[in-house]
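Consider the single chain below, provided in structure tokens and representing the form predicted on its own.
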Amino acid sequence: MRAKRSLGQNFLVGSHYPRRIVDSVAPQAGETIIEIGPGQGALTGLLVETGARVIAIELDPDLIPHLSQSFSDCEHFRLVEADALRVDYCELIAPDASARVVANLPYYISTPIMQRLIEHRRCLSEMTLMLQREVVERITASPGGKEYGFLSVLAQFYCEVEKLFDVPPGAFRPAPKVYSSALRLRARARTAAVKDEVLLIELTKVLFAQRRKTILNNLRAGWGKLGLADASGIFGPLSASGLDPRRRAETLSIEEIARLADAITVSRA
């Protein structure tokens, strides 16, 4: 089974890092674990051994026969041939109300899949994801650093984030050119109060559109995406939220971005 470059496949090999990932998840017998991209089954076999109910989602039809044969005797294993970006995860795990996710994600699609999983946080309590190390550093970054940006705000608004450990290129076949990292996301029981979450996300995109510009300049360029009547509509919310328009987005905390989003929502009413 050769990895397909078109699908961004880099299969985990050996036992050390797959074992570390599964040990960090610590699946319990009977709980539901969703695995995205089982590949050749390095993680799948270890997950099945725990007695958890494993639902594996695989897009590549050429891997389906191998996976089906390898785990044909496992009553608590289910293989689904599907696109992880289109799956309704809450429907998939029924009748269970909650599940956890384990995934070794292709680099090129890791961010959209993470966003999709966050959208289903009502039924996905925890996600342990293998991502490019650079992406994990952005997700876990704090305000004030160059890594802090849209991904940081998106992930940390909805989840508690924790980098677990790095994984070298040699743990994969074919070996990627960069390091990977294991990341844990735990869905927050309650997110910070905000009047319009869709606006919050759009505002974050606007604020970080050009990192070297001030928040005022980015808001002037993106006012239309925020539902404002014209560019002058940004001044009232900036004043109401108490933010210095000369600041850059990377200095703003999530709470400050949420406060500005609420001020924009009020101004549009």
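Quick note: we count residues from 1 along the sequence shown, nothing fancier. Here the structure is a predicted model, which is why all the values come from computation and not from measurement.
Keep in mind that the form predicted in complex with a small molecule is not shown, yet the notes after this line are about it.
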- [ ] Answer for residue 182 alone: is it within 4.5 Å of the small molecule in the predicted complex, judged on heavy atom distances?
- [x] no
Open item on the list: Although the partner isn't part of this model, could you tell me whether residue 84 comes within 4.5 Å of the small molecule in the predicted complex, counting any heavy atom of the residue?
Closed with: yes
Open item on the list: If we define contact as a non-hydrogen atom of the residue within 4.5 angstroms of the partner, is residue 27 a contact of the small molecule in the predicted complex?
Closed with: no
TODO: May I ask you to check whether residue 43 falls inside a 4.5 Å heavy atom distance of the small molecule in the predicted complex?
DONE: yes
Task: Residue stretch of 237-245, 223-231, 59-67, 200-208 approaching the small molecule in the predicted complex, non-hydrogen atom distance within 4.5 Å - done: 59-67
